[in-house]
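This document starts with one chain, in the form predicted on its own, laid out as structure tokens.
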Amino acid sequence: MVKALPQLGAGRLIVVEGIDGSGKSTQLALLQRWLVNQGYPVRFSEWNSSALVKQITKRGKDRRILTATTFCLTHAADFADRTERDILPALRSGGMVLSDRYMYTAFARDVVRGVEPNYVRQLYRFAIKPTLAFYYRVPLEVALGRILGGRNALKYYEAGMDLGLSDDIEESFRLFQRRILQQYELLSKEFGLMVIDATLSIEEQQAQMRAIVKPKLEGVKRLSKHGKVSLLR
């Protein structure tokens, strides 16, 4: 098994994972607000957001020409660019990096699409090991209710229509997410992800998250009341 590289710098890297509708993005946003209010410098990163690669991926999706392998490679390129431009500099400067999805998303989705697991792990062998990686566990039907109840339309690749699971886009989405959920359950054991019960109230989930994060903050730089950087404990 290929393992992520040791974390570099004096900063902290915290990531969240989970299927669509797990509520992980909401929890990460709340954590970000709390950390900023505590005076920590925070850099936010999210999946498929590299300015260099994002438009290429979008064109491929719009034209529906992405294969499982090209999908895998474009997301890896996006991840590499964000690591080099955003994540590493922030960690080396001693700041906090919060990432909405990380390499585990590729380990789940690409494998479901048929890419060989070890190939994906080798591809992400440059990834920095997170300080903490949370997995928001939620029953499939709960997650689907949140997504399908709040969306006007599902997108082709989002629903896994490229896999030929079903001609019905909602059924394809259901089958696709079920397979991804199964991968996350395996990944949570393989990589020791911190499991949060995503059926709890938003407040309970956030309290658990903060309790786990807080001990990891010792020695991280903060901005003093005068706007200067200090190592407050």
Ligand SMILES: Nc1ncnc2c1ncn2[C@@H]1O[C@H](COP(=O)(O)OP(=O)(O)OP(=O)(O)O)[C@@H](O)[C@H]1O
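Just so we're clear, the structure is a prediction, and the values are computed from it rather than from any experiment. Throughout, we count residues from 1 along the sequence that is shown.
Just so you know, the form predicted in complex with the ligand exists too; it's not on screen, but the next bit is about it.
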{"property": "Proximity of residue 14 to the ligand in the model of the complex, heavy atoms at 4.5 Å", "result": "no"}
{"property": "Residue 70 within 4.5 Å of the ligand in the model of the complex, heavy atoms", "result": "no"}
{"property": "Residue 146: touches the ligand in the model of the complex, heavy atom cutoff 4.5 angstroms", "result": "yes"}
{"property": "Touches the ligand in the model of the complex: residue 188 (any heavy atom, 4.5 Å)", "result": "no"}
{"property": "Of 121, 82, 137, 101, the one that lies within 4.5 Å of the ligand in the model of the complex (heavy atoms)", "result": "101"}
{"property": "Answer option from 172, 45, 183, 205, heavy atom within 4.5 Å of the ligand in the model of the complex", "result": "205"}
{"property": "The ligand in the model of the complex: contacting segment from 34-42, 161-169, 48-56, 193-201, heavy atom within 4.5 Å", "result": "193-201"}
{"property": "Sequence-ordered list of residues in 11-43 near the ligand in the model of the complex, where near means a heavy atom within 4.5 Å", "result": "19, 20, 21, 22, 23, 24, 25, 26"}
